[in-house]
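Just one chain is shown here, as structure tokens, and it is the form predicted on its own.
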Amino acid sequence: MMIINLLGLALIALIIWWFWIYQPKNESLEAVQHQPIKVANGVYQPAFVTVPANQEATLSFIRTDESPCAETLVFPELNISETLPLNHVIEIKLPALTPGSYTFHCQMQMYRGQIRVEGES
């Protein structure tokens, strides 16, 4: 009985860590590098993208994760929502943005990323 309770607590701790505490690697990608952001294994790789302020930018995404949650990509502050077909590169055109941070995520917010807009406003 004690072992089952400990396994249950360990599972609860793992779930809390994965959904609320885990931060993907702090890799950053300059948007001008034209390297696609890979959607795989429950994360965006890289999860942090830097773009210059006041310039339009294009981000490329390729989804290799078959999870249905990964199929939809949402930029809530920009009112952008796109479907990512499996193993196809999809380009997302971003308008000129003011400096700051903008998030992107899947429809259930299990996959998360961030765009950092740097430069003068």
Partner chain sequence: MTHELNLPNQPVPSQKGTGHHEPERHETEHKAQQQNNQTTLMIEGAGCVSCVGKIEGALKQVPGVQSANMNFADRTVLVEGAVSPDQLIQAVQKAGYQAKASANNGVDTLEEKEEEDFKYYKRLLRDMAIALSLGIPLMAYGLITGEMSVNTPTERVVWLIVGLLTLSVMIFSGKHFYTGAWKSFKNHSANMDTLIALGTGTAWLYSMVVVLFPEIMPSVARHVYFEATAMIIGLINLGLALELKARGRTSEAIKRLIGLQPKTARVVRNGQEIDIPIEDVVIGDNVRVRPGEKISVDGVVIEGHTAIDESMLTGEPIPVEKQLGDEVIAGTINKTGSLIFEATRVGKDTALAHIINMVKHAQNSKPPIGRLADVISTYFVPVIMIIAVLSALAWLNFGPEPSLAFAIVSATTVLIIACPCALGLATPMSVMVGVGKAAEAGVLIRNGEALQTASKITAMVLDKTGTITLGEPKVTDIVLTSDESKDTVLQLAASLESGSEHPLALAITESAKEKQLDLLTVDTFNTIAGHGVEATITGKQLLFGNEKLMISKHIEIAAFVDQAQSLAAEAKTPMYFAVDGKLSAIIAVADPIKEDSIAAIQRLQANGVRVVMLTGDNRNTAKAVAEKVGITEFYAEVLPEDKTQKVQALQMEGEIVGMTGDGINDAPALAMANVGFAIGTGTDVAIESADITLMRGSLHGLADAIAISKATLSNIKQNLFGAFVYNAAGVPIAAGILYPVFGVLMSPIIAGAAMAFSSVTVVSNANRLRFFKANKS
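The term rigid core refers to the most C-alpha atoms you can superpose between the two forms while keeping them within 1.5 Å. Residue numbers count along the first chain shown, from 1. Remember, predicted model here, so these are calculated numbers, not experimental data.
FYI, the form predicted together with the partner chain isn't displayed, but the following is about it.
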Task: G119: touches the partner chain in the predicted complex, heavy atom cutoff 4.5 angstroms - done: no
Open item on the list: Residue-level contact is defined here as any heavy atom of the residue lying within 4.5 Å of the partner chain in the predicted complex; does S101 satisfy this criterion?
Closed with: no
Open item on the list: My question is simply whether S67 lines the interface with the partner chain in the predicted complex - judged by any non-hydrogen atom within 4.5 Å.
Closed with: yes
Open item on the list: Taking any heavy atom pair closer than or equal to 4.5 Å as contact, tell me whether P52 reaches the partner chain in the predicted complex.
Closed with: no
Task: Heavy atom contacts to the partner chain in the predicted complex at 4.5 Å, residues of 42-71 in sequence order - done: G42, V43, Y44, Q45, A47, F48, I62, E66, S67, P68, C69, E71
- [ ] Please check if M108 moves between this form and the one not shown, taking a CA shift of 2 Å or more relative to the superposed core as movement.
- [x] no
Open item on the list: Assuming the CA distance changes by 3 angstroms or more, are S101 and I15 closer together or farther apart in the predicted complex compared with the shown structure?
Closed with: closer
Open item on the list: Thinking of the 3 angstroms or more shift, are the C-alphas of W17 and S101 brought closer or pushed farther apart in the predicted complex than in this view?
Closed with: closer
